[in-house]
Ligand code: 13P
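Consider the single chain below, provided in C-alpha cells and representing the form predicted on its own.
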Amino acid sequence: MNNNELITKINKLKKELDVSIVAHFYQKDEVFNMADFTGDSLELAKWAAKDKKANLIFCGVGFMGQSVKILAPNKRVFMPKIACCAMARMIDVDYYDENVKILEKAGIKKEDIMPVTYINSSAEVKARVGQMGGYVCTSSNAKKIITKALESGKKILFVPDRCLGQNIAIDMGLKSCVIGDGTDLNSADIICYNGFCSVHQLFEVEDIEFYRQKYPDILIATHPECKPEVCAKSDFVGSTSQIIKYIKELPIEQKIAVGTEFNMVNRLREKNTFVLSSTKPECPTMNETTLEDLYNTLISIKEKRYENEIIISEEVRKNSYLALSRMFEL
C-alpha cells in the first residue's frame, strides 16, 4: 500500500476502534500528522493518561509509552514500534546500582544520595530512583526539580544525561562532575552519570560560529541536551516545547538556527529557520515508526492480537510512580 492508502485505512480504523493516537515532535511528518495529540514526552504522557479512550497508540520511543502506563495502569498502551531511546539504553538497573556503589566507595553514604532521573529512562530505573526518595524531571522542569532536591542537603546523582545535568549546574552556579572524569565526587553538588543524546551531541560551537558569520543578526536556540559549551554560546536554551514557544513569538523576519532534532525544526516555520548542523540531526529510533507500523498496530487491536502492548509489573509501576508523582507535586 502507498501512503495515501494507508492514511485512508488508518483513519477508518480509528473511527471503528476505541483508540487515540499520540505522536512525539520528533516523529516523521506522515506519522506525526495522524495523531490526535502531539507534544513532548511529558505533555504526551499527561494528555494520554487523562484520555478517556481505552486504547492508546503512542508513536515515540519505549520510555514514553511506559510513562503513560505508569500514570494510567488501566489503559492499554501500544507502540507501533517499541523503539528504544539511545540515551535511555545507556543506563539500566545494574549500571545505576554500580554508580551508586562508586559514590559509596568515594565516601558518600547511600542515604546521603538524592537521585534525579531524566524522564528519558526506563521504568525500572525510575523505580530505583523512586525507592531512594528521588525524582523524575524533564528538560523543562529540571532546574525546579533539582532546586527542590537540593533542599534535602544530599548529593544529587543525576542520570542519565550528563549534558542536562551539567547545564543545569552552570545555570544554578553549582559545581558538577561526570562519574569517571577524575573529579573528586565529594566536591560536586551534582554528580552526573555519563550518558548523552546522540542527536544533540552532533551540534558544535563551530556550527554556531558558521551561522553567526553568515548571518550576523541570527539567533541560536538549543536544547539543554547539547554540550555545555554549545549552550553557553546560544541565545536561548530550552526544552522542545519551550523552543517552539520561543520561535513562535519571533517576527518571521528574524533568522534563527536551532539545535535539536531535524523533523521538529523542519516543521517550525516556513522561512528563516535553519538546522544548526552540517549533518542531518535525525533521531534514528524516533524515525523507526512508519505508517505501515501504525496500521498494523490498529489491525492487531481490531483482531484482538494486541501486538507491542506496553506491560509493566505492578511493583515497578508503583515505585516509578513515586518518582513521577514527586515531580508532578511541584
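This is a predicted model, so every value here is computed, not measured. When you see a residue number, it is the position in the sequence shown, counting from 1.
This next part talks about the form predicted in complex with this ligand, which is not shown.
- Judged against this ligand in the predicted bound form with a 4.5 angstroms heavy atom cut-off, the residues Gln66, Glu124 and Arg326 are out of contact without exception.
- This chain is displayed without this ligand, yet in the predicted bound form the stretch 112-120 from 208-216, 112-120, 69-77, 187-195 comes within 4.5 Å of it by heavy atoms.
- Just one of Gln166, Asn99, Thr240, Ser234 comes within 4.5 Å of this ligand in the predicted bound form, counting any heavy atom, and that one is Thr240.
- This ligand is not drawn, but in the predicted bound form it has no heavy atom within 4.5 Å of Thr222.
- Proximity of Ser41 to this ligand in the predicted bound form falls within the 4.5 Å heavy atom cutoff.
- Using a 4.5 angstroms threshold between heavy atoms, Arg162 stays clear of this ligand in the predicted bound form.
- Proximity of His200 to this ligand in the predicted bound form: non-hydrogen atoms within 4.5 Å are present.
- Using a 4.5 Å cut-off on any heavy atom, the one residue of 129-149 that reaches this ligand in the predicted bound form is Ser139.
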